[in-house]
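So this first bit is one chain, no partners, the form predicted alone, shown in structure tokens.
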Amino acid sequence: MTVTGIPQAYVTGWKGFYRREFAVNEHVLVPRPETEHLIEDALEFMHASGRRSILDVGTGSGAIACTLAGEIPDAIVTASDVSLPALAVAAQNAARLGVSGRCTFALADIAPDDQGRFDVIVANLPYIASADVPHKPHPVGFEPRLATDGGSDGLAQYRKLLAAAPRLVRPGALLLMEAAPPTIGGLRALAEAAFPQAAITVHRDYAGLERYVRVAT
């Protein structure tokens, strides 16, 4: 980062993620290395199961959507976001990476109404409690508040997702949701309430921190 705190990715306009370069700007969250764990988990599941229908909720720069489409040549990806400027960045990245034909970008809070059910849902939604969202010059303070502020307890958007998820998944689907230690326990509890029969586990990142909830339905 620069001395002003602006993330270096906003200065250069690019950020590396899972062996690819993504265009980024102030309208999207900067992709994090920790999110690559969700990519690895999704890819392992898809290779083993042959499942190919993906929903990326809160796509931002399109890093998750474009990466999964690039790694699985016959995958079909629907990517949603509530921000039109973010969707424009995601579409730009899909075009540059050659996956536009298999990625649909939709303006939606969780998922568009007409897309049916999915084999894999991946979500990196806002998970910082409103009172704890950093301000400038902290680097996170330069990122869009829509992408960081998870409401009073950091779980507002995940409540919406888990209320909708049972009707969005096919039998035997996989749901992956990124969070962080302050909210991961609450996220797991929400997942257990939504999917009482599922196998639900919490997985750690490179630093050994609890990073995402895995729901095998």
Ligand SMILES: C[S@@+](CC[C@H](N)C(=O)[O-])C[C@H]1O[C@@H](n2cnc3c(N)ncnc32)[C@H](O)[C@@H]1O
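Numbers for residues come from their place in the sequence shown, where the first is 1. Values in this document were obtained by computation on a predicted structure and should not be read as measured data.
Not pictured, yet referred to below: the form predicted together with this ligand.
This ligand in the predicted complex comes within 4.5 Å of no heavy atom belonging to A91. In the predicted complex, this ligand lies farther than 4.5 Å from every heavy atom of I76. Under a 4.5 angstroms non-hydrogen atom cutoff, this ligand in the predicted complex lacks T67 among its neighbouring residues.
This ligand is not shown here, and in the predicted complex it never comes within 4.5 Å of any heavy atom of I72. Between the options V140, A129, L97, L146, the residue in contact with this ligand in the predicted complex by a heavy atom within 4.5 angstroms is L146.
Stretch-level contact analysis of 40-48, 188-196, 169-177, 152-160 against this ligand in the predicted complex, using heavy atoms and a 4.5 Å limit, identifies 152-160.
Within 4.5 angstroms of this ligand in the predicted complex, the stretch 25-47 places a non-hydrogen atom from each of L29, P31, T35, taken in sequence order.
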